[in-house]
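Read the single chain below, which is given as structure tokens and is the form predicted alone.
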Amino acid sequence: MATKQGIHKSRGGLIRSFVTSENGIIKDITISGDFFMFPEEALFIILEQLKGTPANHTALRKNIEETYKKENIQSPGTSPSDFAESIMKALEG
């Protein structure tokens, strides 16, 4: 299992994803960049929710959108689809 990197530039900043998947499922994921999220622990919550998610754009975006709503996450200039795009670039890379 190799970790792959994907980079996506959103209006709110650069999103860099490091993703390890196995049999079409996300096993490990790290996201960094120069974007802002509120509350402070929002990114950690999203990362935990993504482990075990099918490695496809629809499932990723849906998972992230649901986590945004449930946790009342705000990320000025950056949307759930921006994160899904960065992750998909890693998976396809």
Partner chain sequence: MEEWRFIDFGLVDIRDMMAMDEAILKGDGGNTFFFWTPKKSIILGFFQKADVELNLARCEGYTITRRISGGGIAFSDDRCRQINYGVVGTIDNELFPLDIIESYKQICGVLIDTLVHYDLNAAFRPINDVVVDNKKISGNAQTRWEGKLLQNGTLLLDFDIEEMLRISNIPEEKFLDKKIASIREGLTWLDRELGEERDMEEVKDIIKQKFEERFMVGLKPGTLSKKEKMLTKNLLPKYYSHEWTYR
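Residue numbers count along the first chain shown, from 1. Being a predicted model, the structure only gives us computed values, none of them experimental.
The same protein also exists as the form predicted in complex with its partner chain; that form is not shown, yet it is the one meant from here on.
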Answer option from Asp34, Glu65, Asp28, Glu48, heavy atom within 4.5 Å of its partner chain in the predicted complex: Asp34
Exercise: Lys70 in contact with its partner chain in the predicted complex, heavy atom 4.5 Å: no
Residue contact check: Gly12 to its partner chain in the predicted complex, 4.5 Å heavy atom: yes
Any non-hydrogen atom of Ser79 within 4.5 angstroms of its partner chain in the predicted complex: no
Ala55 within 4.5 Å of its partner chain in the predicted complex, heavy atoms: no
Residues of stretch 38-58 in contact with its partner chain in the predicted complex (4.5 Å, non-hydrogen atom): Phe38, Glu40, Glu41, Leu43, Phe44
